[in-house]
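A lone chain, given as structure tokens: the form predicted alone.
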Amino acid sequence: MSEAAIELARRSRGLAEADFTEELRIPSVGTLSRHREDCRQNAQWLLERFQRMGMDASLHEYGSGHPTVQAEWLAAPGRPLLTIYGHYDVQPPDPLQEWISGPFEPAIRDGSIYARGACDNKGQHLSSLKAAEYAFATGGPALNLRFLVEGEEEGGGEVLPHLLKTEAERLRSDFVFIHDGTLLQLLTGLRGNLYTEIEVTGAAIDLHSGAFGGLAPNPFNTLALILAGLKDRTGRVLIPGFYDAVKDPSPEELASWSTLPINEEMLLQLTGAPALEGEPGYSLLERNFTRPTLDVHGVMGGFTDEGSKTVIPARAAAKVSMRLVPDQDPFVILEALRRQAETLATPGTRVVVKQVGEVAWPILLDSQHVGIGAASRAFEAAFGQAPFLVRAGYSIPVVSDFAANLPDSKIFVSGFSGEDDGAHSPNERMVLDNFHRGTEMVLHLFDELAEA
């Protein structure tokens, strides 16, 4: 089947790019309420395309969240069922002044298409959608097929988790392809994420620093002491018990990672930083894949306008997150953070540590199931190279949702976005050749999994 579908895909590249451009024009920023209707428009756009190719498609609604698009075709008796996951919501495009072309005005330059959502995640799920379209146009997929494309990945939400929890039996799948990864990488594990806010309060009101300096507690001074006491200059986290559950990677993993085309020079070029940091005694990839981290994202309070104002603020706060690794319990870590912050606080101040948003649990995935081999062969057929088996330093919360609710499914996580495609950044892009080859990879995947 794949040969005819691949030939059709190659003849239809111009039409596929037109669809890609059309979806990218929809400003489906899931975390901003003013884009609520744009998110629904994007969901409807996908729904109509699934229905057009003959799939049974609908929108799953729950509460006030953005709908999840679900589409399925179960007309291949005796063949396995593949569920493909993606998301249509995108990050806010700020800072706008750093975009060369408008974030929702797709532009093609030097073989890449630039727009918010190009690689995260519209180019990803659309390549799979187009593969399904070409398969249906040339006789139908070689296996049963389902899509779940949500609208709340970037900010967290309840719609897809509700669907997975309440309809787990109906959604049972032989394979789940989480289409939200990096080109030529199959993920065997992901770090989790615990996001917090540390708030320090002192006097009941802001005070004059001349009249009360040296007398009244300063929440900013205390917050600075707390933040400095959470991590040392080498990058090691100082929270007692933080590393107790952390395990080293296996020798086999370390040997496999040594062949990855990732080095310090490449990372310096990607980041634009003058130097890298991290715990001494661990390689670059160990620090990124298997070591937990702590980072400060923002500090709020006091006077921040131009000029001067001599005030002791009544409140100061910081946003702090921790990327956790398998076997670390986010809620144990949260309590340890609270104890450390309270220990570091100075007299006259009160400290509150709050969890912000939902926890993303760290996870290890089975790297030996037949879907991994099938995906590897599909990558090799489309891209001429087998993928690397790696862990990821980032979090994809939905992976844990699928693993918890569909425990018998063989899950694999990958994608067609390059490391330098700028997800979440100004001038986000996707290389069009990767987009088109990605469609061919999914067509090969259909055939490989059908025989797995």
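Counting begins at 1, following the sequence as shown. Predicted model only: the values in this text are computed from it and were never measured. So that the term is clear: the rigid core is the largest set of C-alpha atoms that superpose within 1.5 Å between two forms.
FYI, the form predicted in complex with another copy of the chain isn't displayed, but the following is about it.
- Exactly one listed residue, out of I108, V370, A336, A216, brings a non-hydrogen atom to within 4.5 Å of another copy of the chain in the predicted complex: A216.
- Think of it this way: in the predicted complex, another copy of the chain has a heavy atom of just one of L254, V246, A203, V332 within 4.5 Å, and the residue is A203.
- Shown alone, this chain has one stretch from 117 to 125, 347 to 355, 140 to 148, 99 to 107 that lies within 4.5 Å of another copy of the chain in the predicted complex by heavy atoms: 347 to 355.
- Contact here is defined as any heavy atom lying within 4.5 Å of another copy of the chain in the predicted complex, and by that definition not a single one of R25, V29 and H60 is a contact residue.
- A residue is said to contact a partner when one of its heavy atoms sits within 4.5 Å of a partner heavy atom; T166 fails this definition for another copy of the chain in the predicted complex, lying far away.
- Using a 4.5 Å cutoff between non-hydrogen atoms, T293 counts as a contact of another copy of the chain in the predicted complex.
- Though the partner is left out of this view, S308 does reach within 4.5 Å of another copy of the chain in the predicted complex, counting heavy atoms only.
- Although the partner is absent here, T343 sits close enough that one of its heavy atoms falls within 4.5 Å of another copy of the chain in the predicted complex.
- Within 4.5 angstroms of another copy of the chain in the predicted complex, the stretch 299 to 329 places a non-hydrogen atom from each of V299, M300, G301, G302, F303, T304, D305, E306, G307, S308, K309, T310, V311, I312, P313, K319, S321, R323, taken in sequence order.
- Superposition on the rigid core between the shown form and the other one places the CA atom of S209 2 Å or more away from its counterpart.
- Once the rigid core is used as the reference frame, the Cα position of P95 differs between the shown form and the other one by less than 2 Å.
- Relative to the superposed core, V176 undergoes a C-alpha shift smaller than 2 Å between the shown form and the other one.
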